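Here we start with a single chain on its own, the form predicted alone, put down as structure tokens.
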């Protein structure tokens, strides 16, 4: 066994004696795995659009907590569904073409979802690729309805006369065209992605006045007496999910009806040739994922997952450069001595005495901040502390007999620094690198929290800045504040554990 390998084995045997060091090593391994596996398990599209494209997050519910909160509070939450492409088939079915006795060809879309929370979903949306061709009057919307868990059918579109009576007249005289409801050509569409939104329909003035209100008036006429038109228009969407539809329409208290819902859209037309392919189905529930969402709908678990890599890069790179610069500076000053030592020492003391955070804030505000400039700035103000310790070590080591013998034998300054002094300082360097990481991570997070971080990166400090800017703490969005703070603390704790273990093992060797 070589000397180097034997030294490593001996060191590992010593390191294993310290449980706190093993815990730190285990946490570091988990952090490294998290950083390396983001390309596999993370969502790069979320990170790519995080800072520049807010429209990408329109399908996500805004400012909702993580779904596991319901297990702790005992209150059920409606889980968010964001199904795309092949996943849509689990929730959306398409039937057709079906030839009716009245001569119309029909296609039907049925979307199924479950509400288990105390509040209704903020929206239910479907997007489908559609192409069609039909004889005049074109593609008709025979009905759009929500089948509730209690068996009631809430119609958003239903053929009715202006007076509000359901009729059995020819469909073309009482059913709206697809253009009336969705704004698309009535007779021919070569192909387009057609969006459907339950909220959008419930707030569409044409749909409300021509179809929803006549149906509701016919069904709940007496119960709605005294309700203003503005109340009815405002509360249509809530009424869909209410255990008391009339009460919800009047703005009175109600409970959300929990259970399975179906949204059914039926298209009809003469000689209708239609292709329907559901592309996306979204239910914006009252919770999302492991860490919830922010006020723009961005999933925080992806932001924090992605931030691991930058926390490690910033922490490790900054600490390595800081320790190397400080060590070389300190041992050079201590070994050379004399006026050179005095000048180098005074310069280091001046840098050490500067108020670091205010200067970092000033410099980051003056120059366009990016992550590499921030690393350089942190290094520029962090090296003096290391240099003081290594200088004193160099002063002690250079008086050792083996160093004096090397000098007498004609060894040059550089050879003595590299081969005789630096190896004695290396153990301290390793411990210092580990202990320097938390300070670097916190410094970057502090700048980002103040809005002076790299504007093009998703970091934990940036997430905290957005939370502070949106008043997350005041609004009770704790899941937006606590996880990134805990992540920063976890990285700091990891390297403090490792550094303390290294310091305990290596410092006694330095004393010998």
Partner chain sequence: MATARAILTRVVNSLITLVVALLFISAIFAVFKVTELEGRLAEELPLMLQQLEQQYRHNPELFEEKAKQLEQDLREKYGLTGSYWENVVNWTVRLLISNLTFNFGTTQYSYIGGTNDVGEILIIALKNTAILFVTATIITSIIGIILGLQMARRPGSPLDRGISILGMISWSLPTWWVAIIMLLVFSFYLGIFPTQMKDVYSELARLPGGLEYYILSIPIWLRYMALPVITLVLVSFGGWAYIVRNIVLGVLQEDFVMAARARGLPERRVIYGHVLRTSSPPIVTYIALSLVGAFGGAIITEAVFGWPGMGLVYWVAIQNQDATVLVASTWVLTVAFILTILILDFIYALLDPRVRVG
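Positions refer to the first chain, counted from 1. Everything numeric here is computed off the predicted structure, so don't read it as measured data.
Only in words, not in the display: the form predicted together with its partner chain, which the text now covers.
- At least one heavy atom of residue 485 is located within 4.5 Å of its partner chain in the predicted bound form.
- Residue 346 belongs to the set of residues with a heavy atom inside 4.5 Å of its partner chain in the predicted bound form.
- Using a 4.5 angstroms threshold between heavy atoms, residue 334 stays clear of its partner chain in the predicted bound form.
- Contact annotation: residue 489 falls within 4.5 Å of its partner chain in the predicted bound form, judged by heavy atom distances.
- Checking 47 to 55, 61 to 69, 462 to 470, 34 to 42 against its partner chain in the predicted bound form, the stretch whose residues place heavy atoms within 4.5 Å of it is 462 to 470.
- Note on the partner interface in the predicted bound form: the residue among 303, 438, 326, 278 having a heavy atom within 4.5 angstroms of its partner chain is 438.
- Though its partner chain is absent from this view, in the predicted bound form it lies within 4.5 Å of a heavy atom of just one residue from 313, 320, 363, 274, which is 363.
- Residues of 419 to 448 placing a heavy atom within 4.5 Å of its partner chain in the predicted bound form, in sequence order: 435, 438, 442, 445, 446.
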